[in-house]
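Only one chain is given next, in structure tokens, and it is the form predicted alone.
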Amino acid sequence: MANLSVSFCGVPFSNPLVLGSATPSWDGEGMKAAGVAGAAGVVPKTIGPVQSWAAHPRNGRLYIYKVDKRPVGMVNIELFTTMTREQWLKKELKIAKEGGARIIASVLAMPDPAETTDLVAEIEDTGLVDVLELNVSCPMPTSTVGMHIGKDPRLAAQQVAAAKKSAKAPLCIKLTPNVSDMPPIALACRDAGVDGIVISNSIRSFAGVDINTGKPRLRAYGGYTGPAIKPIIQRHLSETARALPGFPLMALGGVMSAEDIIEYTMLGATLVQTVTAVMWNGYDVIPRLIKGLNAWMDSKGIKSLDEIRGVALPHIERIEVLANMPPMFAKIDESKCTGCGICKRVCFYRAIEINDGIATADRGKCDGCGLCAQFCPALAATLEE
């Protein structure tokens, strides 16, 4: 059995999997269930004040986005916790602790940084929190909180400094993906004293229109989550990991399988959160993810996740560098080819023909895009020099 344990900001975790802040962690019982299922950490829905901008609708908040009837993502108009601060501090965190998982408390960055200081102090006074996660990234709320703070390096750094005044547990900040360049924000937060960075929250989005009624599927802008956002989050994670070598990073976005956990680890993450997988499959998906991770590590002879953390980062190049490397061409393995014609259909350089039921590729026409290899169901097409 591989050793799945990791250390994040000096706090030991039994494995890298954390239940993120969402409906499965809306109360202590849900967080307890995740801990019992094997999650090493749990994050409650963001703790803050009960005000008009912190409420959420109860007339439909989720829309599953599908392509060819297969779910690929989900738009939500969830906001913060529906419980009072007192409920969390006096009851729900204690129940969550019974599950055995580390508690990573999601804390709302308040419009006035001084209020953030006070909120962190109240949460710390419970003695139940292992790590703090400062939320400056929710894509839906009013202009004074959420991503409207997290998009500005100066405002984000102010919130870090305010939270650090009363933080005893390691302090992380959850950044927003709704920016073009995350590293400057991450660097500002590091310089302000943050201990770790969480990448990232949902992507501001719209659920679309029901063409039979002409009405929006959800009548507000929301946050897009699930498998489809993984490439976007991985871009932010890898850029931040390269800008802050060795800095503690936690990743989330489209984690549906053990392979996703491994990918995020290879891009520099120490902890990996999952949400949509639990929302679509229940808490039972947690032990399956952990089992899959352990099986993969055993199959590769990998004893610790430290061996693979960040291994992909040195291989990320600029487009200009790739353009100066030797070209590659489509190659068809005739022994595997079934003559289905898919490779020809997707080749817009007209480099592939089907002759006598077998595909052949013309190197003189091939432009090395690799789409044929991606689509070939028989794995007969490859891209080689």
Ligand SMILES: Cc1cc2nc3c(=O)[nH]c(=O)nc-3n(C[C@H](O)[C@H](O)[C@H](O)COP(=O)(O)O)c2cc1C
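Small disclaimer: the values here were computed from a predicted structure and weren't measured. Residue numbers here begin at 1 and follow the sequence given.
Another form exists, predicted in complex with this ligand; not displayed. Remarks below refer to it.
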Fill in: Contact residue in the model of the complex, chosen from T270, Q159, T276, T240 - any heavy atom within 4.5 Å of this ligand
T276
Response to the item:
Answer key: of A169, L289, V255, V120, within 4.5 Å of this ligand in the model of the complex (heavy atoms) is V255
Item to complete: Mind telling me which stretch in 293-301, 112-120, 206-214, 70-78 gets its heavy atoms within 4.5 Å of this ligand in the model of the complex?
Response: 70-78
Discussion item. Would you classify R102 as touching this ligand in the model of the complex, given a 4.5 Å non-hydrogen atom cut-off?
Written reply: no
Worksheet item: Applying a 4.5 Å heavy atom distance criterion, does K32 contact this ligand in the model of the complex?
Response: no
Worksheet item: Is A22 close enough to this ligand in the model of the complex to count, meaning some heavy atom within 4.5 Å?
Response: yes
Discussion item. Taking this ligand as it sits in the model of the complex, is T265 in contact with it (heavy atom to heavy atom, 4.5 Å or less)?
Written reply: no
Worksheet item: Out of 182-211, which residues reach within 4.5 Å of this ligand in the model of the complex, heavy atoms considered?
Response: S200, N201, S202
